[in-house]
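Take a look at this one chain, the form predicted alone, written out in structure tokens.
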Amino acid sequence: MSIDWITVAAQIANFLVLVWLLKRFLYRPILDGIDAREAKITNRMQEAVLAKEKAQAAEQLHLDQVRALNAKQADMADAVQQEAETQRDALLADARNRLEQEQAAWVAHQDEESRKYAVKLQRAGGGALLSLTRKALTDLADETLEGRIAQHLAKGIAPMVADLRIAAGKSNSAVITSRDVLPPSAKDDLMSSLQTVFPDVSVQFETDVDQPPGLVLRIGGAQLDWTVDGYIDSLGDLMDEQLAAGVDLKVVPK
């Protein structure tokens, strides 16, 4: 069997042409398409990585914002709670102060009412004592109470001479006021006692129905009171002392 080398050469040439044609028009577009596809896939993968990184960054930012918001809310809640506690303490302190003030006012009111009642009691007791004393003096001694006080004053001026002279200054007129008209003997005793201290003094006797029973001596800038109010005040002081000491005030018949 003989080989037709021309045919073989032609077939080889055809094969080479076919390979070139396949490479030129088939494999190269396919390879270029594959390369482009790979490049596109690579770009998409890079874009996906970038998108993932952006998503992670956005998620981290969101988490940071949530944490900051939670921290801010916690701080605000603490501040609100602290403000509420401060206002509560202020309201409690204000209520406590008002309660203490009301209690103090109530105690002061009670003390004032007690004082007023004590004053009324003292006045009532002093008035009763005064009435009994006046009746006793009238019935037993046949003298008025002002007359007895006048006689007592006449005897008690001497120890007060120095102070009386200083307070009286250069005045030469004296006024003696009583609620009732003094007996002549009481007037004479008073004039005699005053003229012993002030030889040139002129004495004027007056009456004042609004004045408590007793005598009021005015000479210059000096004023001396010997009235029942003084005795009632002394009686009130004594009653207060006994009440403060827990002593029952009792009248023991003799």
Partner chain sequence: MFEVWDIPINATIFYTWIVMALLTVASLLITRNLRPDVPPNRWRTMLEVIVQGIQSQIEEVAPGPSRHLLYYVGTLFLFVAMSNLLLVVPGFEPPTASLSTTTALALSVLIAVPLFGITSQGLGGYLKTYLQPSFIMLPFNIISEFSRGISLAIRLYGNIMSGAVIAAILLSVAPFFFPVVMDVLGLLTGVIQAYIFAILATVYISSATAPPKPSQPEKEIP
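Positions refer to the first chain, counted from 1. Nothing here was measured: the structure is a model prediction, and the numbers come from that model.
The form predicted in complex with its partner chain exists for this protein as well; it is not shown, and the discussion that follows is about that form.
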- Message: I'd like to check something about residue 32: if you look in the predicted bound form, is any of its heavy atoms closer than or equal to 4.5 Å to a heavy atom of its partner chain?
- Response: yes
- Message: Using a 4.5 angstroms cut-off on non-hydrogen atoms, would residue 26 count as touching its partner chain in the predicted bound form?
- Response: yes
- Message: Although the partner isn't part of this model, could you tell me whether residue 37 comes within 4.5 Å of its partner chain in the predicted bound form, counting any heavy atom of the residue?
- Response: yes
